[in-house]
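Next up: a single chain in structure tokens, the form predicted alone.
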Amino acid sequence: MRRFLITAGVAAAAALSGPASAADLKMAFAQAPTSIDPHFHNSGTNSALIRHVFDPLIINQNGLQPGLATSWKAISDTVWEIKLREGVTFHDGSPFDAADVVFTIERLPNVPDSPSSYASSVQPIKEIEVVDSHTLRFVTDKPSPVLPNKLAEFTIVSDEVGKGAATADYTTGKAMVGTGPYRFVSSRASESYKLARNESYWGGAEPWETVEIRIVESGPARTAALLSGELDLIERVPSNDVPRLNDNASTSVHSGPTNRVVFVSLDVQRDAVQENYARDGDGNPLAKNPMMDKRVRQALSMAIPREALIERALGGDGVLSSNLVPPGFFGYNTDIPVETYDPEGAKKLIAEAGYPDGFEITFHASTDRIAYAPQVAQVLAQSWTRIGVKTSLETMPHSVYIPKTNAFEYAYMLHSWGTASDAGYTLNGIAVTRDKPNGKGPSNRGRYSNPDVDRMIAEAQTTLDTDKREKLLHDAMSITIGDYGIIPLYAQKASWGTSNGTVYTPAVDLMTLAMRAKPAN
């Protein structure tokens, strides 16, 4: 376990804020979190629930904003100084200080059995100097221009509560003690989670006295519960329900772009066929994984009618993206075109690759992580079948899907990724050669690997010159897309439905937070 140098430490005092008016909020997630341990699984749904109870050092929303850290600055090429917020207390009344930050950073890379850890968030940090109870200096062995962005990726846990606590202790609620706007009350795993307002929250008490988060996987069921008044807020409104909710006098829809790109991940690591997921026309396993041939991968991309997919499967809730980050994010390469729909050209490539009669594959997708995922998977299956790659589908809940993809049980998959900062963050998460202990490629489930991409991303992470760093990211993205191991489809849009007593402000991170909901009056 990594240990850091601690040079000083002093206690802090608590600050209280006045109570807010009493109101209750009932809202629905479309899928259950895989864990409520704040550091077990870097997943959007997990983060959404966790952010009610735990705070990050820095908040990444419309730029970097103060959280538990009030300021951050580079005092040399390899040292960042962080000032912590004073007067903050955890829910058990204990003071927040530098020791909690040190404990958290030590814990992040060492959570047992983590399927997608936060190790990359702290990988640049080689030493922590605690100047005083509310001042830290993070020392890196190389320049780390995006370290503040990385510090926004995780939340802080209590040193006192966390020592000796396992993931199971967070699951039971025993260790769910944060500094956040809500206190954890109780849960029925994968069904509902109850929270109560933190009256002493450093950011001011929230308007909701209690929050209940229910798991409602069915889109129509979420809509029905909102219309009946059973729920006040739902996420992932089905596209065909948007007019219905907008036309209803008691409900409204709030929509916006997100930071999440949906993509196809292909097994480009194994020569052998994985678990009979590629077969000839007679149903016999192929001797070799067809995705090892770039022509096959390119053909799959050319066969996808992206514009029609967005209009028909998503009801328009998507934006074409030729990159693995949405347009507008730092590192997005505008020189990469969206793949031209060319099914005839795709058929020729399949034949040139040695499959004139085509072959069969099984494609896997989660039913509840990506909005409209079953419909998207169906469009892909139909499109590939038309070019001779007969595609059957297997779908399942995200809680079942992710452990299997993390164990590399599947070969052809639908995934998504939300960009927390820039293209470097995304490429490090899903495209660099997987090196889980060092936080590289933690969600690279097809195990795509290109040494040039690895080199460019590593260099970008230590390049202070903005123009040089952007060029490195552009080049790395161009190589990754050109290799066709990871095939971008579109950037998601998202819609939330509310009762007319509730107003919701969407944000690009796609998280559904009670803190973004306010009473209408």
Partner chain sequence: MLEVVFRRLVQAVGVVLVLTVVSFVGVFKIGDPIALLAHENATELEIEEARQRLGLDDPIHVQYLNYLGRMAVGDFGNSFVSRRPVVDVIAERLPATIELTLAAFLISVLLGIPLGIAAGLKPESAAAQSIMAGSIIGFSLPTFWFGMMLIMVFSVSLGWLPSIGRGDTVELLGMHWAILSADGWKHLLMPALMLSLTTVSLIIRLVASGMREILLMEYVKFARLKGLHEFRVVMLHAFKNVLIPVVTVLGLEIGSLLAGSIVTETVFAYPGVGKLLIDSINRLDRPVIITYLTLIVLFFVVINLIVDLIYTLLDPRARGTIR
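Keep in mind that this is a model prediction, so the values were computed, not measured. Positions refer to the first chain, counted from 1.
This next part talks about the form predicted together with its partner chain, which is not shown.
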{"item": "Glu191, heavy atom within 4.5 angstroms of its partner chain in the model of the complex", "value": "yes"}
{"item": "Touches its partner chain in the model of the complex: Ser218 (any heavy atom, 4.5 Å)", "value": "yes"}
{"item": "Pro124: touches its partner chain in the model of the complex, heavy atom cutoff 4.5 angstroms", "value": "no"}
{"item": "In the model of the complex, Ser120 touching its partner chain (heavy atom, 4.5 Å)", "value": "yes"}
{"item": "Candidate stretches 229 to 237, 339 to 347, 357 to 365, 87 to 95 - the one whose heavy atoms come within 4.5 Å of its partner chain in the model of the complex", "value": "229 to 237"}
{"item": "Full three-residue contact with its partner chain in the model of the complex, heavy atom 4.5 Å, for Asn42, Gly439 and Ser443", "value": "yes"}
{"item": "Proximity to its partner chain in the model of the complex, single hit among Pro115, Gly315, Pro145, Gly388 (heavy atom within 4.5 Å)", "value": "Pro115"}
{"item": "One residue of Arg214, Arg137, Arg107, Arg306 in contact with its partner chain, assessed in the model of the complex (non-hydrogen atom, 4.5 angstroms)", "value": "Arg214"}
{"item": "Stretch 159 to 176: residues contacting its partner chain in the model of the complex, 4.5 Å heavy atom cut-off", "value": "Thr171"}
